[in-house]
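Next up: a single chain in structure tokens, the form predicted on its own.
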């Protein structure tokens, strides 16, 4: 069976694929999305729902800022709740406090220094031993468990055709062969995250693409409402806007001397609150081409112990899960055309929710110029 009539086929219904479909249908294209599962179940739902704009730098910051505006527009168009409480970054050592001072001096009004008391009022709880804090008011949040489904439903309303539970068997210029037939298309965007090597292993090898495995937990909130997202000292080493500050080396040295396990496990100790009140906490980072099928309990135990120290209270775990995203040391984004008419697009830094809407807008603009 040959299905006619698509200007663009998007392979993958995660946030990167949905973002490309959104910008394409806005441009008047006929769009088909092909997804192997019956709904998005990958990195786009296994995350914090954190639109972490302000902590980025360079190209990533530019795309994150563009994505932020698109999230606000999409929220209004798709009746998608967008929380605008920002992020609070908590410092618990002198080096971390100095780093926040440097960041605030660089970014101006985008970073609001907080006293310990003001931080506690904004957070809804008072972290023990807090030395300083800063509020990043531009950051947004969505509920990752429902956002992708709401966006997909909105796109269907705009005329995008979804082929759920459909595997792609082959990609050629102008053709996408699937388990439900062949689709003719002017262009194809392959947005399959860490599974680029399933389609184009040479591309994955060239970009040194690996799978980054995370451990995340959902816990009862010991302190009621926690409106903003919360980052900590370990986060200062993961986001370029923070990690490029002069005091980042001192923060790393402190962690290496006092809590080396946090660096060994690649911990980014942070949290967000879900609509039902539970907290999503995490996370650890381990990279390999092929995922290790076994979980090490020490990862979960480390995150839980550090989060209990942040709250100064015991936490009850309700759910645990593994997240996986594409990671590359070469660049934060992978956008390439391995065969004519077929573009691979992947966010390779674990910030798809933060940047995908901006990346897709830029990528689609380039494709429309060359089509």
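Residue numbers count along the first chain shown, from 1. Since this is a predicted model, take the numbers as computed values, not measurements.
In what follows, reference is made to the form predicted in complex with a small molecule, a form of this protein that is not presented.
Comment: 190-198 is the region of 123-131, 190-198, 77-85, 289-297 lying near the small molecule in the model of the complex, near meaning a non-hydrogen atom within 4.5 Å. No residue of the trio 68, 110 and 358 has any heavy atom within 4.5 Å of the small molecule in the model of the complex. Though the small molecule is absent from this view, in the model of the complex it lies within 4.5 Å of a heavy atom of just one residue from 29, 342, 43, 63, which is 43. Note on contacts: among 59, 308, 337, 37, the single residue with a heavy atom within 4.5 Å of the small molecule in the model of the complex is 37.
Not displayed here, the small molecule is kept clear of residue 54 by more than 4.5 Å at the level of heavy atoms in the model of the complex. Contact between residue 9 and the small molecule in the model of the complex is not found at the 4.5 Å heavy atom cutoff.
By the criterion of a heavy atom within 4.5 Å, residue 351 is counted among the residues contacting the small molecule in the model of the complex. When the small molecule is considered in the model of the complex, residue 261 lies well away from it, no heavy atom lying within 4.5 Å.
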